[in-house]
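Presented as structure tokens, the chain that follows is alone, the form predicted on its own.
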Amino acid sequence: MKRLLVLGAGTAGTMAVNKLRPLLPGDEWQITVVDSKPEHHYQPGYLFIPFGTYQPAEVVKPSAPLLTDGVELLIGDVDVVEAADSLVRLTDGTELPYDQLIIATGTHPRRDQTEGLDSDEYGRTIHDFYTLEGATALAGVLADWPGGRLVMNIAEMPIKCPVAPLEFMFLADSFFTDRGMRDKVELVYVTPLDGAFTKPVAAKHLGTMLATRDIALETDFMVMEVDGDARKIVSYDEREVPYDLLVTVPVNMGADFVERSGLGDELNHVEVDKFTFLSDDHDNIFALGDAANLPTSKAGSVAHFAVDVFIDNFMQHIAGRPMTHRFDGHANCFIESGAGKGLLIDFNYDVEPLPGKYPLPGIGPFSLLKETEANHWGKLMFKWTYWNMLLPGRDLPLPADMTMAGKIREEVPA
């Protein structure tokens, strides 16, 4: 009996085993998934909790029923992967040998990586929405916040769902406008990047979105310290941004066992081939989803498209054949822009977001790089699609590779 061991029952891990189980005969392959908790979270839903659109119960389900029959779920914490011996050791001493290993343990916010962020002010004047607990606490604060200076700060890239901080600001603008108190709120977006939209074509189409909403922008801000007592964030070049309420996206890092196992980069993301997801150093270890150090967005759509490519490759790999499929970095993302509208971007490793229609050329129904109500509803409908189509491993009528059909190439002056 051969053993496939999957670390992580999140988006990528769940999709992978649900697609692989029918392809791997039960009398030949044992499939085990290890996760530190028994619940599965719909993480894109965190964004909506602070504004009351979703309640916490809507984004959490038990993990076990989401896994197809014939997949064992083991709850535990990984201590180390002993790659030379094809063995995973859990913190309780359990040893799990494997023939093939998939690491899909994601990436996670780490407040401890920024001086002053993990202080007594966290949960008072400092909040996040990248955890269920953080998003829920922030909802309580915003419900009766009297106003002031709200600062959104990204500590460092990469982060999962890199457009979510922008979405938060757009939704905050709409939220406070609807409450009739937008004039009492100053919104400031602070980013380590050189702009809110860093790709030339996207910047051309969307570059004024912050200004038209009266959202201030502070760029190239590499946060060194959060001074909770003085209520300010300080950059390495000694700039200071004061706040009354700080909503932060902490440094995102992969699981600590990745570092202990010698499998990751400086942020504990597993080093893999960006086309096949195979470990750079081990021929029976793959990494999927946010756990991998792919040079594209850490987002659910990437996990979806990547898993579609991975399945055929994995079957070739265990049969001793070359892997013939190559992931092109395809990602797409709905971006909430407030007031019942949204945007959509679609791109890959080589092609930046472009305007046009998606998925059907000239028809859509979704528009690229353009605010529409259809895009907003597409964002909200994705929750149903996630629970009922993506996680069970059902095929969607969307190609894993990005297509240029429906897109309009534009030249942007240097």
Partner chain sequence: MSTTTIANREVHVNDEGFMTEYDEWSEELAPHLAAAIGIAELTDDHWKAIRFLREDFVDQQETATLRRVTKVGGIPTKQLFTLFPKKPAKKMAYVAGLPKPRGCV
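Residue numbers count along the first chain shown, from 1. The structure displayed is predicted, hence computed values, not measured ones.
One more form of this protein should be noted, the form predicted together with its partner chain, which is absent from this view; the next part is about it.
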property: Of Met222, Ala143, Met181, Ala211, the one that lies within 4.5 Å of its partner chain in the model of the complex (heavy atoms); result: Met222
property: One residue of Glu266, Glu240, Asp85, Asp281 in contact with its partner chain, assessed in the model of the complex (non-hydrogen atom, 4.5 angstroms); result: Glu266
property: Close approach of Thr191 to its partner chain in the model of the complex, 4.5 Å, heavy atom; result: no
property: Non-hydrogen atom contact Gly148 with its partner chain in the model of the complex at 4.5 angstroms; result: no
property: Partner contact for Val251 in the model of the complex: its partner chain, 4.5 angstroms, heavy atom; result: yes
property: is_contact(Ala339, its partner chain) in the model of the complex, heavy atom dist at most 4.5 Å; result: no
property: Whether Pro355, Pro359 and Gly406 all lie within 4.5 angstroms of its partner chain in the model of the complex by heavy atom; result: no
property: Candidate stretches 71-79, 150-158, 93-101, 123-131 - the one whose heavy atoms come within 4.5 Å of its partner chain in the model of the complex; result: 150-158
